[in-house]
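One chain comes next, on its own, written out as structure tokens in the form predicted alone.
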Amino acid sequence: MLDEAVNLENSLEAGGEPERRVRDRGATERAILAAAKRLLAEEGFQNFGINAVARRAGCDKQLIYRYYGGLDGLVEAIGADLGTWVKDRIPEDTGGMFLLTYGDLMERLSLLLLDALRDDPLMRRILAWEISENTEQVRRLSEARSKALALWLERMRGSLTPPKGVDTAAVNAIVIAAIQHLVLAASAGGQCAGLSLKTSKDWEKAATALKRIVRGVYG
């Protein structure tokens, strides 16, 4: 969705002229959003401001006020985009897998979420902020991500029911928290509790363990 905007941004970094780079509102909005996401992923909220985003996007800062209403509106737009992130990174098609049980569903969600978080630096930043920064901006992004994930699970669940007596809210929260911590620990130090998380084989081992935990609860 944002490929065009990212390509526009890359052309600026290669020496393109901002005033010739974007010619319509839609392209300008995408360029601003892509620049904001990249800046946020690289530098966090500490250096996240209108001027910095405008420089990164190669546009007049007044356009950010015009199209997004300012910094808060831009954060809202990034939050809304997280819903698209879930749809794009955690697709609702089953990839040829038959989801016959609730365990099948949770296994698929767990593995897709693990891969998606490993590949997305901005999402990893948001996860880290959730446990380290109690700000309104972080809460907005966190709530948007959680809501999008819950909606995905609700749509995919359909008529599938978990085993009786299982507190799915508690179990799923712990599984998701474990996935998030694995990814953050790997990003910070390449390991988690003595488990190496550097190579594809390391991650295969982690994925296998994750599947066994999910299946141990849901069958």
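We number the residues from 1 along the sequence you see. Quick caveat: nothing in here was measured; it's all calculated off a predicted structure.
One more form of this protein, predicted together with a further copy of the same chain, exists but is not displayed; see below.
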Thinking of a further copy of the same chain in the predicted complex, which stretch from 65-73, 159-167, 24-32, 52-60 has heavy atoms inside 4.5 Å of it? 159-167
Complete contact of 40, 86 and 151 with a further copy of the same chain in the predicted complex (any heavy atom, 4.5 Å): no
In the predicted complex, does residue 133 have a heavy atom within 4.5 Å of a further copy of the same chain? yes
Can you check whether residue 77 is within 4.5 Å of a further copy of the same chain in the predicted complex, heavy atom basis? no
Just checking whether residue 45 would be counted as a contact of a further copy of the same chain in the predicted complex - the rule being heavy atoms within 4.5 angstroms. yes
Report whether the minimum heavy atom distance between residue 128 and a further copy of the same chain in the predicted complex is within 4.5 Å. yes
Just to make sure I understand: among 191-219, which residues lie within 4.5 Å of a further copy of the same chain in the predicted complex, judging by heavy atoms? 192, 193, 195, 205, 206, 209, 210, 212, 213, 216, 217
